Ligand SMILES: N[C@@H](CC=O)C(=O)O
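As structure tokens, one chain now follows by itself in the form predicted on its own.
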């Protein structure tokens, strides 16, 4: 995909936001008063009354999962019980970290209060199950610099460790040339965020805006920008970013890199590793976490033939997930794992025929998953 080339009258619309400094303390409390009655009957406030302890959880290579958000089938209220159980299931499967508030998590369907509840529920579930070391990445993309900063602060308050941030795009035709507005946006958010930033390059979610490797590498030099998720599928770009950021490191540690480069889809896992990437942040791992992990582990062990054979199954399953989107992934979970439910309206509920087709599409992948 061609790099985004934003063009418009020169000028900046984000000056001043980098002055909005935030000084976090060691702990925070997400109180019941912070939330609203809109959360519904499934919301258990007792899980959020205790202070959240903020400890450093490093980003290391591996498989990260943008988790689903689950809802009560009749009311569409947030289902915190299933959210917690799903997070623990993924952690026990061996994933490296979780991400809330992504496209798989239906962030655009949630209020700010609900976003905090999902993240706080996920953090508490992991802690209670013995996975307090596992990092949580929180989607914090917004169209204004001010709201993106607010979401980062709320993510920190709810127990998030990193913020995954999309570039703004609604007013892209008015942006300053040479991606200046994008640079100013990310720098301003990174300056003010209490948690480190991961750049999210996903052209499909931002009207086709595709950040170039040059822009990403430039942003990577900010001390509070620590990684990138590339859902553009451009392994050449991934290679350039991985190589450049590796050279920028004072002392590169492949087990704990200063800047984490992640593929945004499971269907190019080993391709990303061959290009110098560190792993994936991919929705397919909601259904088949072990298969995603094993594919990467085989490659890292030098078993490239076995890794390629497994990648073929993973890629075919991912094609089903890509075609069905979050609706299809939830339907697949429902059919194969017995839970998943439906998306929030206005997304449609799948027909019986669609559910069957998606179940069939995931069959080979799930047979592999169950064998591991």
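Positions refer to the first chain, counted from 1. Keep in mind the model is a prediction, meaning the values are calculated, not measured.
The same protein also exists as the form predicted together with the named molecule; that form is not shown, yet it is the one meant from here on.
K.L.:
Say the named molecule is put on the shown chain the way it sits in the predicted bound form, by superposing the C-alphas near its site; is the site then open or blocked (3+ ligand atoms within 2.4 Å of backbone or C-beta)?
P.N.:
Open, since after superposition no atom of the placed ligand lies within 2.4 Å of the backbone or C-beta atoms.
K.L.:
Any idea which of 85-93, 224-232, 137-145, 185-193 reaches within 4.5 Å of the named molecule in the predicted bound form, heavy atoms considered?
P.N.:
In the other structure, the partner sits against 224-232.
K.L.:
What is the one choice in 279, 168, 264, 105 with a heavy atom within 4.5 Å of the named molecule in the predicted bound form?
P.N.:
Exactly one listed residue reaches within 4.5 Å, namely 264.
K.L.:
Should residue 284 be counted as a contact of the named molecule in the predicted bound form, where contact means heavy atoms within 4.5 Å?
P.N.:
Within the cut-off, so yes.
K.L.:
Does at least one non-hydrogen atom of residue 299 fall within 4.5 angstroms of the named molecule in the predicted bound form?
P.N.:
No, residue 299 stays farther than 4.5 Å from the named molecule in the predicted bound form.
K.L.:
Is residue 200 a contact residue for the named molecule in the predicted bound form, using a 4.5 Å heavy atom cut-off?
P.N.:
Contact with the named molecule, yes.
K.L.:
Do residue 66 and the named molecule come within 4.5 Å of each other in the predicted bound form, heavy atoms counted?
P.N.:
The answer is yes: residue 66 has a heavy atom within 4.5 Å of the named molecule.
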